[in-house]
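We give structure tokens for two forms of one protein chain below, kept apart as structure 1 and structure 2.
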Structure 1
């Protein structure tokens, strides 16, 4: 009986399918058309609304404006010294340690503070130069990481040390009247961001520990070369004391140059040593004391430093 029952079920007709591929295709296509309609409906609706509104801008409030006029008027020795430190850290790699060379071989060459006129359309006044450091100009980058005090200090250092003394024809004590009218009042809301192209901004990547390590290493190298110069002056015989003392002073005032000179001594490159020291290397920097030394005096200093490397 069981076998007969199984035989009957084995030949029972199959249930017909209640779905069809065409039905599923129609459903999927309908859903796609509906979604496309929703997308374009709200797209054109948004475009229609936007036509009746002006340009949407997002402003980021800056810091309150400093007392520009007080900072412009302060040419004290302390401010100039502060500017010298900022210049050596931020500017010397492009403009040279003496402000009249192009050590990085940039094209176009950066401004020669000893001879060139100002390229800034706002002129060479203190606030005009402040704006260059704030916003950048041409290939000159902006330096948003510098405080207003540092910006004015480095400009005072450049104008008081070089422009006023050796390029006086282009020295500007006060900004033009039209530029002065744009100087914001102390405490006013700072300008919003986005005034300069990203390529014109000094890079502030999240590598501060690495940069701090590099700066520390550079300072260590400067300390080493200054100790090296002091040791050479202390060990110098009487006939070479004056020259050795002058070189030790040079190591303090121009540590970057002293590092380069130490490298020439270590590389046994006496012609390069003489060219750097006397300013005959094509950089345009003239060091009158060393340029007036005789070949024997320069050779004696080289031998003295060679013995203490």
Structure 2
């Protein structure tokens, strides 16, 4: 019986071979693609979450915090003079040579230092105003190229020359207590802020190096387009300032769009530039300002950006 059984097995007809190499390849490839998609999907998701929760921080490499308390306290004549020079070079075009006019016709108007109150949430103390220059405020840009010394000097010039004398109700010698508590110690690693030059961006990330690498690249691209837009608005003649400013603003709020627009400028594609910035494709809300501009104003902006490309 056992022998007969073995015999049956030995002579059982072989299963016909059912192998479809093409089918297998397609299956394996789809699985691989799906896994890769999953990987990147969650990688980007994780990166996004990590950035928003401050797990990935972008620091300005090598730029340690200055001695804020010393710079704040020093409004000697030399410092005020140094501030006057900075003011005339960088601020007078918007705030007026006397700090109380609006030569570029900006809307909303720049602060009138002879009369207005402060609007930034930290008040009018020296560190609060330093942060205004570091991070920008509303349509006023940040000044990443200005050293901490120059930032304090120009603010001392404004507050000592005008605010203290003709707008004394708004002269603030010392920052509020809650603001003072946030002043970094001298030498501390640079704070996360708006002013990173692309070449100086360094990612300090307690997360996967790959994530950090991608985040860094993304941040660099954003920085490049923002620096580009800000340089163009700094170089803009008075009649183009407002438009250039709004574009610099757009580069902050919608860096992806600004990057796409930069590419059209680099490719000399003005029709596409106009379509992206002022056309109907894409989200209208941010760009409604641009869609109301005349063709002349749009091509003026294009030439301006082209110049600073």
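For the two forms, the rigid core is made up of the largest set of C-alpha atoms that agree within 1.5 Å on superposition. Owing to the predicted nature of the structure, the values given are computational and were not obtained by experimental measurement. Positions refer to the first chain, counted from 1.
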Kindly point out the structure, among the two, that is the form predicted together with ligand HEC. 2
Align on the rigid core first; then say whether the Cα of residue 225 has moved by at least 2 Å between structures 1 and 2. yes
Checking residue 38 here: with the core superposed, does its CA move 2 Å or more between structures 1 and 2? yes
With both forms fit on the core, has residue 108 moved 2 Å or more by CA between structures 1 and 2? no
If the rigid core is lined up, how many Å does the C-alpha atom of residue 293 shift between structures 1 and 2? 44.2
